[in-house]
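Below sits a lone chain in structure tokens, taken as the form predicted on its own.
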């Protein structure tokens, strides 16, 4: 194990996350490919090793074990540079993941990452949530839907809950205080067949960075008219 791999392993241990040598190596390879690709393509504004470990890798996986470990089919909606999907895939190699993004070139980069890291049970879908949410291959098929995308929770719920199977969960990543946003989204979440189950708050290890996970349980089927046509959920949240 290289010094950088050991450092990654030790950093994850601070978050009570145990990595084996293969996983530490995969995280290092992902970091190297991310920074290299970022020179020619805008993937992330965070490129320092420690910051990527903290704000992308650990932030993608922290506090999710009880949900991911019980899920067999997981969707990462608006994956961008592969967060949280790739870090979670490294930690849970036997779980099937689908990563969705509206930008094809980002998905081409992630396809390269998949090959280089030798990741199985991982697929990618190019498209918008408003369209894919009506696709029979994906509608109400996922045990767990995750999104780190930056959007209002009402809009995010309209994007994500149509993919979530009844009984499953949609989890939205938010920074710090989010009570007001959660409160204003409650009506929309109910219309879409969900119910707020919990808000998990934590600090990223060895930092003053606060995070929240909004846990939304799918309690009934989403009405067929949702999600609405492209652009409407963002412009006119429920």
Ligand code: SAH
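Residue numbers count along the first chain shown, from 1. It should be emphasised that the depicted structure is a prediction, and the values quoted were computed from it without experimental measurement.
The same protein also exists as the form predicted together with ligand SAH; that form is not shown, yet it is the one meant from here on.
Only one of 149, 71, 122, 117 comes within 4.5 Å of ligand SAH in the model of the complex through a heavy atom, and that residue is 149.
Judged by heavy atoms within 4.5 Å of ligand SAH in the model of the complex, the contact stretch among the candidates 86-94, 99-107, 133-141, 164-172 is 99-107.
Of the heavy atoms in residue 79, some are within 4.5 Å of ligand SAH in the model of the complex.
Residue 153 falls outside the set of residues with a heavy atom inside 4.5 Å of ligand SAH in the model of the complex. Taking ligand SAH as it sits in the model of the complex, the stretch 105-131 comes within 4.5 angstroms of it through a non-hydrogen atom at 106, 127, 128, 129, 130.
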